[in-house]
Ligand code: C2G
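Just one chain is shown here, as structure tokens, and it is the form predicted alone.
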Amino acid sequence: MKRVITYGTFDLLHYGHINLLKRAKALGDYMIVALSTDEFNWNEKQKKCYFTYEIRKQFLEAIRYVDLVIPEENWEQKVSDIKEYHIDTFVMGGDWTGKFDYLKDNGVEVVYLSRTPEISTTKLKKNLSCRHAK
């Protein structure tokens, strides 16, 4: 069984997220999503999520491409996750290209998938706040 993992916040889940998860799942048989916790998002990324970790986790668990959701609590856990979950392929969005190449030293394939260009959570939040302000 080929195992795939990806990491992210997945706030305001949209079709760009679904496209990424579908393409990542196509690279293996078992798809794990390491979902950034609220604390990690705030303390390390200075991101405030619209939905809580538990709600975002429920959304991801409802997607047929996702087999398991685990918490992402720090930047360093990727190496231990690869070992613990016997990961074959590490997948991230194209905006991270090159940043995780060091993980190849742990025997995994590192794949960067292009994002869906016309959609992003940041763009959604900006558009929603502009509409609300009118």
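A quick note: this is a predicted structure, and the numbers were derived from the prediction, not measured. Residues carry their position along the shown sequence, with the first being 1.
One more form of this protein, predicted together with the ligand, exists but is not displayed; see below.
The partner is absent here; in the predicted complex, the one residue of 88, 81, 72, 38 having a heavy atom within 4.5 Å of the ligand is 72.
None of 51, 96, 65, 42 but one reaches within 4.5 angstroms of the ligand in the predicted complex through a heavy atom, and that residue is 96. Taking the partner from elsewhere, residue 100 is found to have a heavy atom lying within 4.5 Å of the ligand in the predicted complex. For residue 47, a non-hydrogen atom is located within 4.5 Å of the ligand in the predicted complex, even though that partner is not displayed. Although the partner is absent from this view, residue 92 contacts the ligand in the predicted complex, with a non-hydrogen atom inside 4.5 angstroms. Put simply, residue 20 is close to the ligand in the predicted complex: some heavy atom of it is within 4.5 Å.
Along 1 to 18, residues 7, 8, 9, 10, 14, 16, 17 each place a heavy atom within 4.5 Å of the ligand in the predicted complex.
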